[in-house]
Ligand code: HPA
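There is one chain below, alone, in structure tokens, taken in the form predicted alone.
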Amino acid sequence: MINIDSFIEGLPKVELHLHIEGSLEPELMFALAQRNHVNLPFKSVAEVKKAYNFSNLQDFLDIYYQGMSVLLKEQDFYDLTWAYLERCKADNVLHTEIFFDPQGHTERGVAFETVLNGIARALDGGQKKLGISSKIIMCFLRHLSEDDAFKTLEEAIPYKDKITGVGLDSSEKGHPPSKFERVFARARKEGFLIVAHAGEEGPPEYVWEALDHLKVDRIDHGNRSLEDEKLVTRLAGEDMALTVCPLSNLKLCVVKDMKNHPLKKMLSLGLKATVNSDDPAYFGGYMNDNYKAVARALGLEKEDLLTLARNSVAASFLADAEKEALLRKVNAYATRA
């Protein structure tokens, strides 16, 4: 009988759904606020943590954007990303594909290249010093306009050597993927891979739109896909990956109890589900925490966890040879653990 927690800790992992701004821990938030002379609406780390009591996605986003205000200089984005990479190392995450929200910074007067250069410099260091490979995905904020998204895409085009894909995040309700169909068509033409948040708080129709209007390579979240049998059949048939975020779903009340989380059902239906941490500083856990929470609540066994790990490798944007190398590590671990 294996110890599931120990097995999870040693399991080689890939993370595909991580907002780098959402890895801003309260301690770093206060340190950067002091360094950059930014006044926060909180008096202490404890007060910030107390505020992390969300009833829905918008509650979270309100405080998320407040926290983002301390990120002003390239070094801030470097420090933020490096702190996350150290958590990856501790959790045995070998590859990560991180989101960043340039509009959340450029609208505050922080230059696009300032954000990207800080993140990219840390990720380069993560490869060299920690052995963690990575990709960068730039997300559009869906509550802003199509014109704003087009402007951001134009800023990203000169950095195609650093940015692998484009995505869609922020408040889902009332902002269907089809709102950005033309932007994503242009992004695809420029060679970017495509992902989009859909079916977290939004209905299954948003997942259909992400598939048909945006022509996504992955669906971020996708929980509510299970409400539509035809959609489940299509997702399984197309081997479309879902980047599921268990602790995020619990914290944002997408699920009321982890025992009711749809992850195990997704696997039983043949969906390519993966486990990710989303905004770990706000939702109470990084990769190992998410794996452990869902494993305990749903009674996941060794083979379930290996399936999730293999799904993440297969769904990554790595080259085939790199995927094969990572899969060998997962399979080697499976035989000896």
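Not measured: the values here are computed from a predicted model. Sequential numbering from 1, following the sequence displayed.
What comes next is about the form predicted together with the named molecule, which is not displayed.
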(Q) Taking 4.5 angstroms as the heavy atom distance cut-off, pick the stretch from 168 to 176, 187 to 195, 118 to 126, 151 to 159 that is near the named molecule in the predicted complex. (A) 168 to 176
Q.
Suppose contact means a heavy atom within 4.5 Å; in the predicted complex, does that hold for all of 57, 60 and 64 with the named molecule?
A. yes
Q.
Looking at 218, 221, 95, 261 here, can you tell me which has any non-hydrogen atom within 4.5 angstroms of the named molecule in the predicted complex?
A. 221
(Q) Can you tell me whether residue 13 touches the named molecule? I mean in the predicted complex, with a 4.5 angstroms heavy atom cut-off. (A) no
Q. Does the named molecule get within 4.5 angstroms of any non-hydrogen atom of residue 200 in the predicted complex?
A. yes
Q: Just give me the residues of 319 to 337, first to last, that have a heavy atom within 4.5 Å of the named molecule in the predicted complex.
A: none
